[in-house]
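Single chain ahead, by itself, as structure tokens, in the form predicted alone.
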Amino acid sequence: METAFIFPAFVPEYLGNEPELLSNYTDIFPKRLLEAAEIIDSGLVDFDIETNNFASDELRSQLISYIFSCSLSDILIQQGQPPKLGAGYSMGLYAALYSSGSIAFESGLHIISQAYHQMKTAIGDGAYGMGSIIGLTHQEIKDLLPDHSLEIVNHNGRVSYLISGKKESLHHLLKDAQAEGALSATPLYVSLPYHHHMLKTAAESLERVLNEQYSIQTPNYPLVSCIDGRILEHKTDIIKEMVRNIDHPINWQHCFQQMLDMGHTHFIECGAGKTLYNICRFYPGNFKVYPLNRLHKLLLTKD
């Protein structure tokens, strides 16, 4: 059985019992949370999935997602379930790199924080955001774009896309998409235009930081680019992917299809929630995606 790890970015909605599910295997999550608090942000120790999950704090939300993903990846490998392949969805790339041994846990925390602040600097004082449109084709959405400040930055499926850019223009687009017959057209609760070309200066800054401050290793297993489906096997590939992940659109459907074409049929969503499980449900093919609350079905047993 060829198993691949897939890593989500943000967690728009928690299952609600993620820490409890992880504790069935080990206490690594609270240990990682404490470690991250000591390294990058002392406030992370206040995380509580029900009362204080940082849903409105963009950077902390990314850091918590990373910690969940790294913790689950460690558990799976300790349980004798190592992957043959991996892929990170958007900012899930950093957890994929940690899991593959390409970066240290501490490095991932710092890179996430630096990338976030560089993106904030790149956009200045403007109001930006992202939105999700389901039910319209790429061309139908493109025809509705009110101006060039908006870009289609994520292809999740044939009629499932994310759009990034100026908040005011995004508001008009989502309203028009609903009028055009979209099944849903909703804003995402983010303040940055992720994967938009206007973040080019942030990408360039990150490239300098990566080359000057971090030790990037060749991954222990291949990763698939969520930008163009390339196989990432070398250090230079990894650095290029991290840089492009800032200001290039992604195509998750193509990335996932690449993994299917390579013979992988079992995918573990290494993270909280079940975002990727929900996205992949609508893809054709004979495969299974296991989010955290279904891992017991993949022969994981408590010690």
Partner chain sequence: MGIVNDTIREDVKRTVYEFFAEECEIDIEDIHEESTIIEDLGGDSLMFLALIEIFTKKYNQNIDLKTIGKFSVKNPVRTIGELVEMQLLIIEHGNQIIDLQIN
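Only a predicted model underlies this, so the values are computations on that prediction, with no experimental measurement involved. Numbering follows the first chain given and starts at 1.
In what follows, reference is made to the form predicted in complex with the partner chain, a form of this protein that is not presented.
The chain is drawn here without the partner chain; in the model of the complex, the stretch among 190-198, 152-160, 73-81, 211-219 whose residues come within 4.5 Å of it by any heavy atom is 152-160.
The putative spot formed by Lys274, Asn278 and Phe282 is fully lined by the partner chain in the model of the complex; each residue has a non-hydrogen atom within 4.5 angstroms of it. When the partner chain is considered in the model of the complex, only one residue from Leu85, Leu136, Ala202, Met91 comes within 4.5 Å through any heavy atom, namely Leu136. Interface residue among Glu168, Glu140, Glu207, Glu233 relative to the partner chain in the model of the complex, by the heavy atom within 4.5 Å criterion: Glu140. Using a 4.5 angstroms limit between non-hydrogen atoms, Met119 is distant from the partner chain in the model of the complex. Using a 4.5 angstroms limit between non-hydrogen atoms, Asp228 is distant from the partner chain in the model of the complex. With a 4.5 Å cutoff on heavy atoms, Asn293 counts as touching the partner chain in the model of the complex.
Though the partner is left out of this view, Gln114 does not reach within 4.5 Å of the partner chain in the model of the complex, counting heavy atoms only. Along 158-195, a non-hydrogen atom within 4.5 Å of the partner chain in the model of the complex is carried by Arg158, Val159, Ser160, Gln178, Ala179, Glu180, Gly181, Ala182, Leu183, Ser184, in order along the sequence.
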